[in-house]
Each structure stands twice: as C-alpha cells, then as structure tokens.
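In structure tokens, the next block holds one chain alone, the form predicted on its own.
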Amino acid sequence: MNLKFQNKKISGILTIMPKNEVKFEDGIHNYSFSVAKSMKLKLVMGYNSTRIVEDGVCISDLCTHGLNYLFEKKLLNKDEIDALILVTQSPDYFLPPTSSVIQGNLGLKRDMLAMDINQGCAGFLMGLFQSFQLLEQEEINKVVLLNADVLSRKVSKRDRNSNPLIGDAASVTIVEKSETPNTIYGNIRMDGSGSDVLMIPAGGFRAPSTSETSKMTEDAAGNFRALDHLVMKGDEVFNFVQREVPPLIEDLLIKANQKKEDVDYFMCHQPNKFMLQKLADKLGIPREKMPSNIVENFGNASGVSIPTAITYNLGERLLNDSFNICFAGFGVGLTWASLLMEMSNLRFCEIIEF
C-alpha cells in the first residue's frame, strides 16, 4: 500500500534512555557458549552495551519524564497537544490504555484524543502515518507521538540470541501542520503468516502465563528460554529483511520520483549492525548513509530505534540544517514500512536520561 501526505512536519524529537547500562560482558557467563564464541558474536553483531530500566519502571514513567522535560524547558506547551499517540508492545496494563495513564499523569486537557497502537519494529512509521492522518482534522494542529518499550523484562538472560540485543527506551516526536507546502511519501506491507517469527508465546489470553509457561527449556542452538519470553527466529528475520525491505524502499523512491543519491540518510530500525550493513550493501548505498550504531550503544528498543538513530547521529545538526531522510521499519507482525520526507529546523533533537 502506497501512502502520500501533504503539508506535515516533524518539529522535534526527544529520546529518553534509562541510566542503567549493561555491558555485553556482564551477561556472558549466562550463555551455554564459550567466551571466544560469544566475543565473536559481539564483534559481528555490534553488541556492546544496552540500556535497561530499573525494577518497577514502566513506559508511562519514561514518557512522563520526557514530556515534563519538554514542558520545563519551554519546548512544548501542554495546552497545544491535540492528540497523544503511544506505540508500544509493553504497556503498563492490559487496560486501561497507557496513553490514558500518561494523559492523566500530566494533567493534559480533556478536549483531545489519546490512543495506543500495538506495534513494534515498524512502530515509528505506524505512529507517523496515524499522526499525519489525524492532522487532516481542522481542530488537530499538534500531535505528540510516543514510542516506548521495556521489553528487556520479557527476554531470557540465558538467551544469547536476544538478551545482548534488547534494550529499553522511549521517544517523544512532535508532529504538526507545516506552513511550508511539502509532500511526504510512504508505503507499508503486512504478512501475518510470519507472525511467529517474532513473538512472546505466553502471557496473553490465548496462552495465559502459568507455572508451566515460566519453565526454561533449551533450544537447538543452546539458548534457554520459557514460553513467557521473547522468541526471535534470527535467520528468518534476516532473510525477511534482505528479501523484502530493498524492493520496498526502491518502490518508495520510484513513487517519489527520487534516486538513492537524493537521500541524505536512510534511518532504519536497528536489529543489529550486521543486518543493517548487509541491507545497505543490498540496496547499493554507502554504509555511512545508513547508521548502524544504535544497538552497540543502547540496544534495540523496538520502535524507538529510529528516533534514537536520528537524535544520536544527527542531533543538533537538525536544528539548523535540512536533510532528505528515508525511514524504514521492519519486523514483528510481520510488518515493513518506509517513508521519505525532508527534515529541518527542529526545535529540539536530543537524548536525555531517566
């Protein structure tokens, strides 16, 4: 499905990172592999450190902290928020929606819309698509898009396939109407037949958590996890990304009548460094145009990885400079999406800690 939006812009991005940093070597003793094999994995995948929330911290805490920071710095006026969209797969509760919890925590106005979207790796794109559509309404002028996940709590510490990868984080993206005419191009694909490639088998109503679902078992690769833990079929994810994402981006550029050389940066979801470098090679673009340094510094926080890539790699440059950026998110669902837009003159683009 191809999408097109007009006269919309991103005016600010804030990433909220937990202060707690966990080094790859800190958990190396948990794996049923030699130290030499684990260190080779670290080198190839780009594993180094992840940011993990302290016990008791939930996504509403990260998002509330980030928004209060913007209020205190006079970078955002709470009365201007017409819609609050939260994209997450680790909500505070089954119900109520965590966006309602955040709205209540901050004392936002009642004449507004707050909603949750259950999406992960492509969550930043899904949130932008929804934000752009809401801005078509006359009475909605500013949307706050929140991406947040604390999936480290659903990863087995004895799973070398996922534990060194998953981190926690949140982001706040301000989306509003643009005074300068512009066109934003996007596209999205779905394949639910691959939903078991990335999933947490137990914990929902289909398979409620019990003492049985918490029992650890060993898989063929020597990883230990329970049904309550995240399961990632790494080989299938890699093949899916290399097969489906390049034609998605190429189709987007055709629709926008642009070439790869016209794009300043390809800001993608970051499963690991190896996968992104191979994706850049497959697309035939220089690796430096597709930053792959987020997992090694912060970990993969699902839909927050793209905003983190922007704040970490571009930061203050986006306050004054202009860049033509292609976003791409891919993974759980299976879902894959891309978007092409000009970004410039942001009010803020930074990372803070909680």
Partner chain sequence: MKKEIIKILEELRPEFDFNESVNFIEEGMLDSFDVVRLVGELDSRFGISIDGTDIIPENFKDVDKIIELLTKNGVKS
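Positions refer to the first chain, counted from 1. Just so it is clear, the model here is predicted, and its values are computed rather than measured.
Not pictured, yet referred to below: the form predicted together with the partner chain.
Contact with the partner chain in the predicted bound form, judged by any heavy atom within 4.5 Å, is made by just one of 278, 260, 158, 142: 278.
Proximity to the partner chain in the predicted bound form, defined as a heavy atom within 4.5 Å, singles out one entry of 282, 177, 153, 189, which is 282. Residues placing heavy atoms within 4.5 Å of the partner chain in the predicted bound form fall in a single listed stretch, namely 234-242, out of 234-242, 132-140, 263-271, 69-77. Contact between residue 58 and the partner chain in the predicted bound form is not found at the 4.5 Å heavy atom cutoff. Using a 4.5 angstroms threshold between heavy atoms, residue 41 counts as touching the partner chain in the predicted bound form. Although the partner is absent from this view, residue 319 stays clear of the partner chain in the predicted bound form, with no non-hydrogen atom inside 4.5 angstroms. The partner chain in the predicted bound form is approached by residue 45, whose closest heavy atom lies within 4.5 angstroms of it. For the stretch 104-142, the set of residues having any non-hydrogen atom within 4.5 angstroms of the partner chain in the predicted bound form is empty.
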